[in-house]
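This document opens with one chain alone, in structure tokens, the form predicted on its own.
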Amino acid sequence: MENNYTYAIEAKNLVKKYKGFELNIPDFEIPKGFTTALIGENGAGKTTLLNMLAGLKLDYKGNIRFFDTNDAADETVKERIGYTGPGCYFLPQWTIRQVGEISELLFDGFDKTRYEEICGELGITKEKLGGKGKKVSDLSDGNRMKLMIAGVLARETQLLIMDEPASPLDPLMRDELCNRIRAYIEQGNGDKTVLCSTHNIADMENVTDYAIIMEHGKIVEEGFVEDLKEKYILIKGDVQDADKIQEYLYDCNKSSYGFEGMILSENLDKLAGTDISTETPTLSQISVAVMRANTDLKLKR
């Protein structure tokens, strides 16, 4: 990838091995000032990678560089990074109020008043019902995620690393999450960055600037979304035409009504003479096509 941008994260030769699985990424860069979506099927290595970046896994090989510094253990670097992940890293007996009080002690840039405001805005607390005294263990999965989101958004950070933040949220809150991610980026004036993994590609597409697609512990595609939409073209036509151009199809789904497939834009002129229509693909369609082309799963076409 051409080095035309500054980066919030740069990593080299990342390797993490498990029994039967290896994450191996020679180069990894997250452009500063944008929202990057990390996309891939279950077991692709997304959570492993994010845990390494968030400092939750330290037993890996390679070098990770944040904010132009090699010292990821520097406390000033940690202060500038917010993390949300699956499960919950708050103790179950803590109340919502205590989460704010403890976060204020742990992070210099934590604004407890702002935290309480966000909790109210997201419906985690209701003052008349004494919501701030509710324990973490009493919250639903969705409200636990909203609590983690409130915690990181109440801090003064420059990078958010979010592992599947939309998964436990209802459709309305997924939309609100996108709005808050967008506001976070805009408030930074090019200095704030979000990296999030997602299975809900369509829900997160309108806030995604850059996409990284993983399979088998490796990056198989990446780029700014608009560039990817120029790199790939969605085509539709009759089934017999699909057979004629099979060698150029990156992915294809057939039915009695015809076919729909993905090709590289550079191959479009090679399809002259076929009766096909073309469309600009969505990020979701590109992601599915790339994952299909790289998966080990035996999928029906």
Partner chain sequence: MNRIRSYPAFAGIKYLAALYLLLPASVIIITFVFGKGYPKVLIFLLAVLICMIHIVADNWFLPGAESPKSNLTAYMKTSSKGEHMLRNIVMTDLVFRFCSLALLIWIPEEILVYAFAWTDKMSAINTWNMILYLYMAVTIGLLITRFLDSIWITMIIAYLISFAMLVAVAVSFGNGIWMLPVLAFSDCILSAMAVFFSNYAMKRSRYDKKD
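Because the structure is a prediction, the values reported are computed rather than measured. Positions refer to the first chain, counted from 1.
Beyond the structure shown, there is the form predicted in complex with the partner chain, which is absent from this document and is the topic of what follows.
- At a distance threshold of 4.5 angstroms between non-hydrogen atoms, residue 58 is in contact with the partner chain in the predicted bound form.
- The closest non-hydrogen atom of residue 183 lies beyond 4.5 Å of the partner chain in the predicted bound form.
- Residue 93 belongs to the set of residues with a heavy atom inside 4.5 Å of the partner chain in the predicted bound form.
- Using a 4.5 angstroms limit between non-hydrogen atoms, residue 224 is distant from the partner chain in the predicted bound form.
- Proximity to the partner chain in the predicted bound form, defined as a heavy atom within 4.5 Å, holds among 88, 207, 139, 173 only for 88.
- Contact with the partner chain in the predicted bound form, defined as a heavy atom within 4.5 Å, holds for exactly one of 121, 230, 156, 75, namely 75.
- Stretch 103 to 111 is the contacting one of 165 to 173, 185 to 193, 199 to 207, 103 to 111, since its residues have non-hydrogen atoms within 4.5 Å of the partner chain in the predicted bound form.
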